[in-house]
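Shown here is one chain on its own, the form predicted alone, set out as structure tokens.
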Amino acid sequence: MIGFIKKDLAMIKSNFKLLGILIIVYAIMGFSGEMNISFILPFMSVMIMISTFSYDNYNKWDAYSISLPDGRKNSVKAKYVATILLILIVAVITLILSFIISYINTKTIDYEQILVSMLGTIFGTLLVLTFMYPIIYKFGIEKARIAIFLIVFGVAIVGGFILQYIDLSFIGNSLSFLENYLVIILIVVTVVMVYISYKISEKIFSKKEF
């Protein structure tokens, strides 16, 4: 599987320069107080990894990978591992930048706020991954873009409709309880979501014909 991971990371090697430029640009904007960089950079890492699906499709990689021992399982597993690895690397860089920006701008570092913000960012970014990857494996990268747009648009409409007719006051009553266990809850939920997403993608890919 290590070879599969190296393949995915090698394919985005040309994007490392772009990611580096984005880090510099958003860091400058963060210093000026115009933008919170905590979310955009990890999210960009997912978008970069999604581009590897296009490379795989163009180079007929999937048809080749299934001929290798455990090729189907390793191909899907490597995609998830490589993506999570890139997210974590970018998250650590973003975390360090956030500490530096906070200290330069305010002469203090609010470690708790920055760490909680980063944890939420990782959770949100992995949430995007858990929804998008099974869709991409099911429909292919081109059709997946349309499917993802329709899903996001549909969720926004349904969510807006539901919010008009339900009482959200219970959320405030639950926050005091959740606050004490927020980190554990987010970690557990994230692990479960990623695992379920991975198994769905693996099952879809195992039945695909090339």
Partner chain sequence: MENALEIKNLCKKYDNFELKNVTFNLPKGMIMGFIGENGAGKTTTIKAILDIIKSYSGEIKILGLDNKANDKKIKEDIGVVLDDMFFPEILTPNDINNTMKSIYKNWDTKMFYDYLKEFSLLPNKQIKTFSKGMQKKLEIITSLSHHPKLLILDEPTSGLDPVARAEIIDIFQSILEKDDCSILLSSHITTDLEHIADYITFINNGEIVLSKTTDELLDNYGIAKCKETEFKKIAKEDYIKYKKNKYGYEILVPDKKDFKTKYDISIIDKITLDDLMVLMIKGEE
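Note that this is a predicted model, so its numbers are computed, not measured. Numbering follows the first chain given and starts at 1.
Beyond the structure shown, there is the form predicted together with the partner chain, which is absent from this document and is the topic of what follows.
Residue stretch of 181-189, 53-61, 40-48, 138-146 approaching the partner chain in the predicted complex, non-hydrogen atom distance within 4.5 Å: It is 53-61 that comes within 4.5 Å of the partner.
Contact residue in the predicted complex, chosen from 196, 10, 25, 18 - any heavy atom within 4.5 Å of the partner chain: By the 4.5 Å criterion, the partner-contacting residue is 10.
Proximity of residue 77 to the partner chain in the predicted complex, heavy atoms at 4.5 Å: Output for residue 77 is no: heavy atoms all beyond 4.5 Å of the partner chain.
is_contact(residue 29, the partner chain) in the predicted complex, heavy atom dist at most 4.5 Å: No, residue 29 is distant from the partner.
Contact flag, residue 157 vs the partner chain in the predicted complex, heavy atom cut 4.5 Å: Output for residue 157 is no: heavy atoms all beyond 4.5 Å of the partner chain.
Contact of residue 68 with the partner chain in the predicted complex (heavy atom, 4.5 Å): Residue 68: contacts the partner chain in the predicted complex.
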